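One chain follows as structure tokens, the form predicted alone.
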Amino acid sequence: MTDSTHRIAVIPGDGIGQEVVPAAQRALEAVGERFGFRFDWTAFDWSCELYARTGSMTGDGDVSDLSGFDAIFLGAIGYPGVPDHVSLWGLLIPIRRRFIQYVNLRPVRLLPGVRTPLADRAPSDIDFVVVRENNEGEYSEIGGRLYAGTPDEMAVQQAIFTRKGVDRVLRYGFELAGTRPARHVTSATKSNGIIHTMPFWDERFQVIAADYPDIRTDQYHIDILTAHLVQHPDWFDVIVASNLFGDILSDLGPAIAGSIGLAPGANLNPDRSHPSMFEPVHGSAPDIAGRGVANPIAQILTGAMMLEQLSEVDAAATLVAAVERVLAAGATKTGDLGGAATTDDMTAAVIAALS
């Protein structure tokens, strides 16, 4: 038990983010009360709605305003009327890069009581983590367009892979695998078609793997890897991937685990020199926003990941166990799980399960 206060920057964002973030805050405060720590929340209204009013995702603010916090708790960004590249490059990517959050960590688990679309699969068959490189790779600003609006129009996009950037995310993946029972790392590549960056990735994977002789390794091209994830999810433990490939796998994984509404995520600064940002995998879901029916579990589990980063490990485990008890019982289910529970219903069930 601790006696501390964690200073958290809160960005509910858009759509259902404004519903699931307050729900998760209630669950976090409940587990904090049990373990003797508190939260000092500071809310930022950074969102597409703010962009529509001001022309900036942060209004008069700047991402550097987040530097003094212990962590950043984000809901979802994106809404109709604001192009996705505007919202992404106006907020999420600047935060990830300003605070050197070079690991995007997305655990994928088939939770008890949740149905997977895959036949004959149990929770023990789907339990892996996607470690996505989060600061460079295919998501680069280098490039541009020429001859816009003419028949000769062309677009150029450069992917940037540095030895420093590749090595550090690969090493993180191997270190993580060393803490897990399977002790297995899979590299996602496409070196048969992408002639420069992916062979470089493969070479660095082999170099880093040599430092971890007790960790089993595999390497698959991204196309067959996606097929294997569906057909053989039990093959995988830790998957390390570039920014683009990791992004894709991070959506495929939760889909086979039953619902993207259950999938947590984190943008980590592993050496803790800057705050990390915690956000669920799901988007802002404008089709159900404002109805109070969004599943808060992904945001709550994202909060549990934040607790781990804040060294509140026992509280994190307790919160995850409460979620598992609620899902296993099956009495409370939101629409994505085949039920009719509201956001508040699910949140209340999780808080009740803490005791």
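These numbers come from a predicted model, not from an experiment. Residue numbers here begin at 1 and follow the sequence given.
Note that the form predicted in complex with nicotinamide-adenine-dinucleotide (NAD) isn't included here; everything after this is about it.
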So, a 4.5 angstroms cut-off on heavy atom distances: do all three of V108, P275 and L307 pass it with respect to nicotinamide-adenine-dinucleotide (NAD) in the model of the complex? no
Of the options V130, V185, I77, V169, which one has a non-hydrogen atom that comes within 4.5 Å of nicotinamide-adenine-dinucleotide (NAD) in the model of the complex? I77
Within 4.5 Å of nicotinamide-adenine-dinucleotide (NAD) in the model of the complex, heavy atoms considered, which of L229, M198, I260, V103? I260
Look at the stretches 308-316, 291-299, 37-45, 55-63 and give the one with heavy atoms within 4.5 Å of nicotinamide-adenine-dinucleotide (NAD) in the model of the complex. 291-299
Taking the shortest heavy atom distance, is A209 within 4.5 Å of nicotinamide-adenine-dinucleotide (NAD) in the model of the complex? no
Contact flag, V114 vs nicotinamide-adenine-dinucleotide (NAD) in the model of the complex, heavy atom cut 4.5 Å: no
Please tell me whether any heavy atom belonging to G283 falls inside 4.5 Å of a heavy atom of nicotinamide-adenine-dinucleotide (NAD), as the geometry stands in the model of the complex. yes
Is there a heavy atom of E141 lying 4.5 Å or less from a heavy atom of nicotinamide-adenine-dinucleotide (NAD) in the model of the complex? no
Near nicotinamide-adenine-dinucleotide (NAD) in the model of the complex, with a heavy atom at 4.5 Å or closer, the residues from 327-345 are D336
